[in-house]
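Starting off, we have a lone chain in the form predicted on its own, written out as structure tokens.
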């Protein structure tokens, strides 16, 4: 299959009214692509998108509706970011998590097959590799997720690989680190950077679950968007980690937030939550070698940008 150039691409973005999806949509439009967004607007916001954008309010688990959209617009690439993203919610209701993250992905794969479209799938790296994984973890580390969310994302990846074997497709999975940046809802279900900055800006103390030594690989949204663009035109299918390779503890995160806010931040400590890892960082060497991708935004710079966004009233159309 010949891959389209970004400037000539017909793209469908699921979850395109979300935090990452809306910024990916903007980047695609800026490159000259024709973009349709598919989103239920349950957590996504119409205001994040350009006024004249083609938005379809469709659930990815609704196979007839998804297929109808696919056959109408006939995208060449489907950027699949719609998901149930709350690790805690996946523990509470694993069946719903699987229905969205596995079932919805299968629905899109089947619909994409009818129009010969490629799927670029937003998977997870932070919730995939498990407690005993080497740090940083590369793509060869056997997945051992600690929560239904990571299990469902890995299962969806396996369906992408299966379709590649069965039908000769070239679907792609990007295993994302902990993505943060402007447009991530400080009152949302995930995103500790925005949640903490929102509380600090509003004069409250952030809550740390556990002792604060747990680490994550925080990767800035603008860098993640460039990874999606690079993967969409790569000639082959594959699985790539998208992260910085560096660990940042929650306590270090709070120090960076204090620097951005220009005052010391003292958190409130609460018991650790089930299903969450102690350490996580992603080795993105393969993405650098294959896609030419690497992160360019430091954690200090990224947190400063998010703080400015929060301080400026959290505009829906903020750029990264």
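Numbering follows the first chain given and starts at 1. Predicted, not measured: the structure shown is a model, and the values here were computed from it.
The same protein also has a form predicted together with a small molecule, omitted here; what follows describes it.
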inquiry  = Taking the small molecule as it sits in the predicted complex, is residue 129 in contact with it (heavy atom to heavy atom, 4.5 Å or less)?
reply    = no
query = Closest heavy atom of residue 42 to the small molecule in the predicted complex, within 4.5 Å or not?
reply = yes
request  = Check whether residue 85 has any heavy atom within 4.5 Å of a heavy atom of the small molecule in the predicted complex, and answer yes or no.
outcome  = yes
ask   = Even though the small molecule is not shown here, does residue 20 get within 4.5 Å of it in the predicted complex, heavy atoms only?
value = yes
key: Option touching the small molecule, based on a heavy atom within 4.5 Å in the predicted complex, out of 78, 160, 147, 176   = 176
task = Taking 4.5 Å between heavy atoms as the contact cutoff, choose which of 291, 260, 60, 28 touches the small molecule in the predicted complex.
result = 60
query = Which of 33 to 41, 264 to 272, 249 to 257, 291 to 299 has heavy atoms within 4.5 Å of the small molecule in the predicted complex?
reply = 33 to 41
